[in-house]
Each structure stands twice: as C-alpha cells, then as structure tokens.
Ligand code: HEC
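Starting off, we have a lone chain in the form predicted alone, written out as structure tokens.
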C-alpha cells in the first residue's frame, strides 16, 4: 500500500503525464487539420449545398463524417460509390429509382439545387478522414471501366455513369441488378427497348426504376446492350 506521500506524488505524476499527452494530441490535431481538410476547394456551390443539407434536415436520416442518424445510408463517400449522374437522377425523384422501397422525402429540388447538393457531397468526400468510411465497394474506376472484349463498342456514357451503379458487365459494376453479360442473346432489341421505356409495364414490381430516358439515350443503350453477345 502506498503511503500518503507516495500517493500524492503518484497522483501528481500521473496528472502531469496524462496532461502532457493530452496537450501533445491537441497540438498534433490542430497541426493535421489544415493538411486534411480541403477548404481551398469550398466553392459557392458547396456552401449552397451545405445550406440545403441543413435546411432539409438530411442528417435526420443520414450520417456524414460519422455524424447524424442511422436510418438511411452513410453519405460521406456517396459520390464515389454512386456517381454524380446517378445521384442527380435519384434526387429528382427518389421513389422512381426504387419503386415501393425508398422512403426518402420528395423535396422537389430544381436542377440548380441538385447540383449544389452534389457539389457539397463531392467536397465532403474529398476530406482526408484517415480512412473513414471504408473504401466503397463500387469505386470510381469501376464506374468507367469495362473490358473491351465484352462489348462490340465502348459503353455509352449513360451506362458508365448511371446503369453500372446497379448492373455489371465482365464483373465490373454493381450487384443490385442482374449482370448484363450476354444480354443481347437473351433479349431482342425490341424487348430491350420496351424494358428501358417502362420496366414496370414489362415486369410489375421490379426494382428497376423508370429513368425517363430520352429517345436518343434509350436508342444508344439498346444498340449497345444488343451487342453484348
């Protein structure tokens, strides 16, 4: 058992030691902050997007940088995970992207507001968080890369930025929807066109959203998919 004198010096020594550690960690944190943040890339669009984020109470459902609610997905790296084009379509009509499943509020954002929110999320994703959250299962390289031998021509940009978030070709892409390798052998061009025009009409209850594709975009996708033999 320690004597009163020993206990006093033990307490004083421990206090000094751990106070020194606390001060060191505080100084180290303050030194690291400028190197890890990307405030030099904070544009007016990013600021507007942050205001929309706050005013819409997005953190009431989502987490970002580990803070917020856990009802909906974590969004720190959402631009890397999904891509800006996919996010823009989703924010325009969340229910259309996941019929009967998503519970996200329809905020009726205009195009400018959607781009501001994406700018904010993209800026957040570039902050050096020392590895948080873990790398997304769908990295940027996956969104734009497909093996050339699997397609007669290069994939349309729409497929590389939106469709591939759910579908894969040659093991590259998402796993939400079926892989599309050889889809040209399974479906005719007319069937592909009907499916892309109105998935619910072809298969009621399908998770495939009606993306409201413009005729040129849909025709380009049909021609490319039909070539996947």
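Residue numbers count along the first chain shown, from 1. Just so we're clear, the structure is a prediction, and the values are computed from it rather than from any experiment.
There is another form of this protein, the form predicted together with the ligand, and it is not shown here; the text below is about that form.
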Interface residue in the predicted bound form among 56, 37, 41, 189, criterion: non-hydrogen atom within 4.5 angstroms of the ligand: 56
Heavy atom of residue 47 within 4.5 Å of the ligand in the predicted bound form: no
The ligand contact in the predicted bound form: residue 61, any heavy atom under 4.5 Å: yes
Residue 73: touches the ligand in the predicted bound form, heavy atom cutoff 4.5 angstroms: yes
The ligand contact at residue 31 in the predicted bound form, heavy atom, 4.5 Å: no
Members of 202-219 lying within 4.5 angstroms of the ligand, judged by heavy atom, in the predicted bound form: 203, 206, 207, 208, 209, 211, 213
